[in-house]
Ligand code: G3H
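One chain follows as structure tokens, the form predicted alone.
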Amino acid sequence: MAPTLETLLAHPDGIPAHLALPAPLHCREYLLDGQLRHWPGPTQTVTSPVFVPGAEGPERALLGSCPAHDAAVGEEALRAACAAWDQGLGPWPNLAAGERLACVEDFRRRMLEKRAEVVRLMVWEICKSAKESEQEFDRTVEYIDDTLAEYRRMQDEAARIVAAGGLDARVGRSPLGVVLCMGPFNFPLNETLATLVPALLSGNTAVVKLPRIGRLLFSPLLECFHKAFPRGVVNVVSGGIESVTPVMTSGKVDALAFIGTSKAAEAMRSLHPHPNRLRCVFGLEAKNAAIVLPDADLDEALPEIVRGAFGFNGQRCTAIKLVFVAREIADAFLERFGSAVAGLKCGLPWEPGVNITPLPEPGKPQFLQALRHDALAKGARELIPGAGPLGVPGGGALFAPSALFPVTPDMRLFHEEQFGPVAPVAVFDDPEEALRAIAASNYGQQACLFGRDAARLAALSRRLRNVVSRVNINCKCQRGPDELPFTARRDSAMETLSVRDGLLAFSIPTLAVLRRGERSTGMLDAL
């Protein structure tokens, strides 16, 4: 059933008690140079994509406000991080590995105590379903645990003596310096900490720029950072691009960890006066494709493609954003695909079994509708009755899921990342057509293949691995498990993230070497 305005209004009696609309949280605290400071300046009002009954009709739920920091705060945060780094001679980079581990473990323990509060704010602020919000929090804790374990293994590896050419050496890794971490709105907690934690463990100091959407959910964690880490190691900035522009133009940032769009990443990198000195760790947009071969098992393929395309409203870089289906099975695929998409439940994030929730990005429904109109005007047809934005006074936030066929190269949806609940489907006569389209794309993160012929799947997979970084066979595109490398080609990524790769990305190999002799063993033990 198509959603209506009334079904999407949040009434107090329909909200679970543990997820009830919190009292407005007007956060003026921020963490800088080891102090939780009070911000006296301007703030940004934070509202939810969820509408509630108001005196004059439906209105967005007020969640609170957060600091709108300016350039001066960004500069002060940078000075604090630079002082803690002190050109590599500061206390944090020279702290024993075990002591840095203890600080991160302390943060993890304190963070766990804030689980309910962070999850509730995530549900309201970015409208991620309650189940998925809990999963994001728990996955982040698991990522921290795995990173701690991997860091211990790397310390054990560094303790071994390497003998070569008459020399004995201990090979370890050392930090890069000051890191600027910028996470996204769709996985604000996980993606921010997935770069920050390995950077800190490696001995770097950090300036954290909170996501444009999803800032408020970090407010319970400020105290955790404050109590777990020494002065200046973690500094948190909340504001627009103006708050971190001077951070980059200073040339004092050694690594930029950014999850977002390639356009924004390039703009940030271009601000640095010495780009050759800047280590960039980017997770960017993608246009991941699914190729459904003539012999595909549709009972297996369809659930994977639907979950891959519409999980968290399609607001994932790893979402399936273009489906290629073989012409001989297109009719059967479209009938079942359309029925499955039409059955997705639209609603509020705490409703059991909800699939599609309101979108947090301002203007996103209008953007998606423009992509739909372009495709429809050029010959595609809509497979889902009632697809499109729900009209709500003041600008609706929910976009009922859409599936369009046939999408062709002259349509925007064939090339542009939609990052929303719209699934374009194209048809092919030869898989080569799909491979060539993926290769010609600006993006190169992942693809998936659905079929039964092992030899054919292997041949296609070999070629696709030269075009994208990960080929998923008979399963959807995804980031995890976090033990596996997560990277991409072209405009979709720079560097690699995973439990081990994250630690490698924020450090550099360093050696202590001496001539082999009677005294070398004792010296190496001391080192």
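Predicted, not measured: the structure shown is a model, and the values here were computed from it. All residue numbers refer to positions in the sequence shown, first residue = 1.
The same protein has a further form, the form predicted together with this ligand, not shown here; the description that follows concerns it.
A residue is said to contact a partner when one of its heavy atoms sits within 4.5 Å of a partner heavy atom; S129 fails this definition for this ligand in the predicted bound form, lying far away. Among heavy atoms of Y30, none comes within 4.5 Å of this ligand in the predicted bound form.
Within this chain, Q478 lines the site of this ligand in the predicted bound form, having a heavy atom no more than 4.5 Å away.
Among residues of the shown chain, C317 is one whose heavy atoms approach this ligand to within 4.5 Å in the predicted bound form. Checked against this ligand in the predicted bound form, the residues R139, R212, R372, H226 give one hit for a heavy atom within 4.5 Å, which is R139.
Note on contacts: among Y443, F399, W124, F187, the single residue with a heavy atom within 4.5 Å of this ligand in the predicted bound form is F187. For this ligand in the predicted bound form, the listed stretch (60-68, 34-42, 480-488, 459-467) containing residues with heavy atoms inside 4.5 Å is 480-488.
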